[in-house]
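In structure tokens, the next block holds one chain alone, the form predicted on its own.
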């Protein structure tokens, strides 16, 4: 909407700008130009003053020129005919003795958005690339990228590309960084700027001259270079070593990513680099900027995937501050759970317990869930805290605690008795649908241990008509059937009423179909129903390994120092292998200008491929169990060894050296003794069970292997690797 009286305002400004008396008074003339810019930024159409403003550019005052150039760039697309006069003025200024004027004129001329502008700016840009003033060269280099963006379908001028590659040796460090950015934009369809050996070594030697953001840019471009020998690799790492401790977080993180990328075949060097960069990452986690703090926490989580104990001595740095936003507190609690050990578990649990009564229900529930994850290792201490929280009688706390109890019973069957004893005291406090589902699951799964379980179910069945959640109704059906199978006398009548209501009166088809399924199962007999509904029970003698799973750095380094770690959840899918472009050849005549080559990656056949076991993303216990039950047995063999007579931690460490992860184990004095393993190799997931039943029979260790998808080569290699590890352990013991 135009301003009231805008036409009169523009006419007044036009009269003033064309008045010779005003033009003679520099200060007064400049004030009128400032008013034009102010009205322009406020939305007033002052395009009719274009010719007067072009005349105002004929001045030695730098500030006035900048104001006029801003006006020209704004209205050049609206006045293309008159903009030609402005271009002539700017081309004239490109030859001004003052380098500041030359740079300003060239920069603003490249900002014109009008058809046919490229033919006018090409010659000034080429001249600017050879200008003696570094400021003009900086502007000219970026002008090359702008010129390419104005005509994306035109073939790239090789002379411009050669000129930019030559300017990588410019004495001004900003020109060097601008050349990399410009070449990346111009050559984006060809894969971007190519970093060969001379370019890489030149950039490394210029690192100390760059500012922090320039260093970060150069480190990112150096990811494209692969050293030809270990000597060259360690020379490069020596040059980069000082930047791992940079005071600027983005430089330290970019250097770490390059370190990990270059030292991919040297795990000891990668571990040392992670150790050196722990201080800058911790500094990021304590930054005043919330955004930088969150990014630091996300990157700490990535590093902990390969070095779980790296930040354990600094666990107090991850305690939440009162003024921090929730998304930072959530990340800190995730990290605290991973840092828990025997020395700090008491303090960490005390800190998490204080969060459970926070005014934010979401934060309180996340804190309770964190305590539940720690309870898988330190059950007794966590159960005492969770039981105490139930006494608060707050709905959101009770809901979170019951859900935590359900997960704890699933992962740690040995804690079932304590949980069932506690659940009886909180059956009347659940109003949330998620809590109701968790409570009903506990009642159905372990109803024989909870004396009041049938009567609690009866309360839910009597109030079924007022229940709105279909998920709760389906969970209630399952719990009632399970309760009937273990306590039929107390449950028979209420189960009949429940099935009748769900089949005859329920409008939700999912609930009705499940009720019909259970009704038909019961008609087939109790034993048939038990086989379908109850399923296999968890082995209470099995316990979850307390050690952290260490992933290879290669699993996450490609995502490091990007926006990927900032996502809500890191994806655990295996990243596909990407064939990297071959670097230019290394010979005595190699010049600074790169030479591109086409590469055809070699893909081995099944007969040619070698077994390469790797851990890959961690496999959850639920995923292992689900996959194990779905797959058929591909191989079963009795090995000529007994159960390894070592501690479970030592067994886990020995298998990890062979890239085999131990998921769960049976205590050493238990028969039968079991251990569940998994690994990956040759694009297949390998699951295995070790079983030792009879101690009187020498060499009775049975290994059962399942695969997804089947791969005989990987199967034979896995069994051979496992046998070698067990043989070594047998000799050592």
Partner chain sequence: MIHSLFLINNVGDLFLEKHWKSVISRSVCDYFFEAREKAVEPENVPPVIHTPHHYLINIYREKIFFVSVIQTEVPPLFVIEFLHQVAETFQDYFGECSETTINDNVVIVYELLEEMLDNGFPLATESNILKELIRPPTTLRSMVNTITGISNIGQTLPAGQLSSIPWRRAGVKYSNNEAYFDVVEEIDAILDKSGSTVFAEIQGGIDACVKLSGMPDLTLSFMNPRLLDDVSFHPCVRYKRWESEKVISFIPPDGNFQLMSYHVSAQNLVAIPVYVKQNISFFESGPSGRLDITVGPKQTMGKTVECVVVTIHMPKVVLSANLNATQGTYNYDPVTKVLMWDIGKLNPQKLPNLKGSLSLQSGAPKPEEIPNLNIDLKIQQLAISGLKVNQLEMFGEKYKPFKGVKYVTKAGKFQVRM
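Positions refer to the first chain, counted from 1. Quick caveat: nothing in here was measured; it's all calculated off a predicted structure. Take the two forms, find the largest set of C-alpha atoms that superpose within 1.5 Å, and that set is the rigid core.
The same protein has a further form, the form predicted together with its partner chain, not shown here; the description that follows concerns it.
- Within this chain, residue 567 lines the site of its partner chain in the model of the complex, having a heavy atom no more than 4.5 Å away.
- Taking the partner from elsewhere, residue 148 is found to have every heavy atom lying beyond 4.5 Å of its partner chain in the model of the complex.
- By the criterion of a heavy atom within 4.5 Å, residue 561 is counted among the residues contacting its partner chain in the model of the complex.
- The closest non-hydrogen atom of residue 286 lies within 4.5 Å of its partner chain in the model of the complex.
- Residues with any non-hydrogen atom within 4.5 angstroms of its partner chain in the model of the complex fall in just one of 685-693, 704-712, 672-680, 56-64: 56-64.
- With the partner omitted from this view, the residue of 91, 226, 181, 449 that lies near its partner chain in the model of the complex is 181 [heavy atom within 4.5 Å].
- Screening 111, 422, 656, 634 for any heavy atom within 4.5 Å of its partner chain in the model of the complex leaves a single hit, 111.
- Contacts with its partner chain in the model of the complex, taken as any heavy atom within 4.5 Å, map within 225-258 to 242, 245, 246, 247, 248, 249, 250, 253.
- Annotation for residue 382: C-alpha shift under 2 angstroms between the shown form and the other one, rigid core superposed.
- For residue 98, the Cα coordinates differ by 2 angstroms or more between the shown form and the other one after the core has been superposed.
- Relative to the superposed rigid core, the position of the CA of residue 108 differs between the shown form and the other one by 2 Å or more.
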